[in-house]
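Single chain ahead, written as structure tokens, the form predicted alone.
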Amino acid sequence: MTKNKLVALGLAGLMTLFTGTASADGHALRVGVEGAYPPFSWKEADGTLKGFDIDFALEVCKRLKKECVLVEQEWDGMIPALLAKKFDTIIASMSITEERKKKVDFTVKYYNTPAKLVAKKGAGFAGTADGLKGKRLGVQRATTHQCSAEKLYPGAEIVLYATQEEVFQDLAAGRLDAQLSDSLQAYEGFLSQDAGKGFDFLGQDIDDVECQGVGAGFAVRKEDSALRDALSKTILAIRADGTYKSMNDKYFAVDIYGN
């Protein structure tokens, strides 16, 4: 876990440095966030957390009338940290999969976008198992994309990274032949940026429910069913009353809720 923790007070996102372990009480909701997955979450130079996931977390806390304590956590330690009670829920674009449901419970989804490969334009190979044989394929460690990469492209050299930003950096630098990630995150965080010029999606959407799951939800400990249900009810209310569209349109040109 990173050493810095940020306390977010209200929807406006006023944040101050919070040190030590956040205490759980009836007036606070401790939320595990990554802060390294733009446009869903990132950290400004002054330490302020921004992004769709962050806005969603703050809106949920506001509606539940709780102080929102945003706890930064490296991705591959997210579920262990939740189970260790370092926070109460994870709001970090975590896909709802059967494998993860063995350890934690999930709310209803709050968005659902497909995964896709990205490579240089005119890469000269197909986005298939045969096409990627012997190619260096970058993915973020401990994600659904690692699961799909290992399952669908067994002949590729899978290169694992701690953050998605590192994957994009090495792809742009020519140290990877391709990468696999969420398609929307790949477009917004790489292809639409200067670093992504000369790159494009490779192949079709990845249809792999076993690994990719059925959308992203909030994760909670299995014993916290009341919290899970309250969060699910709040997600559906945000979707129904138009607030979801306002948050969505702030970051994305399409509706990311999915089918």
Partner chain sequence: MDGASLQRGRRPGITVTNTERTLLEYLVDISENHSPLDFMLIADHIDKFFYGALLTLEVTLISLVVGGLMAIPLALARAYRQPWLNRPIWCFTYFFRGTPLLVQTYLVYYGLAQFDVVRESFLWDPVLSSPWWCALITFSLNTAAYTTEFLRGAIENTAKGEIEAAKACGMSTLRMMRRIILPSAFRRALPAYSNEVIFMLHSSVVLSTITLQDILGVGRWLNGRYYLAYEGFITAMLFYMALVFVISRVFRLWESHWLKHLRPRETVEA
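Treat the numbers as computed from the prediction; the structure is a model and nothing was measured. Residue numbers count along the first chain shown, from 1.
Keep in mind the form predicted in complex with its partner chain is missing from the figure; the text below concerns it.
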key: Selected contact from 181, 143, 73, 89, since only one has a non-hydrogen atom within 4.5 angstroms of its partner chain in the model of the complex   = 143
message = Even though the partner isn't displayed, in the model of the complex is residue 133 close enough to its partner chain, meaning a heavy atom within 4.5 Å?
response = no
query = Is there a heavy atom of residue 114 lying 4.5 Å or less from a heavy atom of its partner chain in the model of the complex?
reply = no
request  = Give a yes or no for residue 109: in the model of the complex, does one of its heavy atoms lie within 4.5 Å of a heavy atom belonging to its partner chain?
outcome  = no
Residue 169 within 4.5 Å of its partner chain in the model of the complex, heavy atoms = yes
ask   = Does anything in 145 to 174 come within 4.5 Å of its partner chain in the model of the complex by heavy atoms, and if so which residues, in order?
value = 146, 147, 150, 159, 160, 161, 162, 166, 169, 170, 172, 173
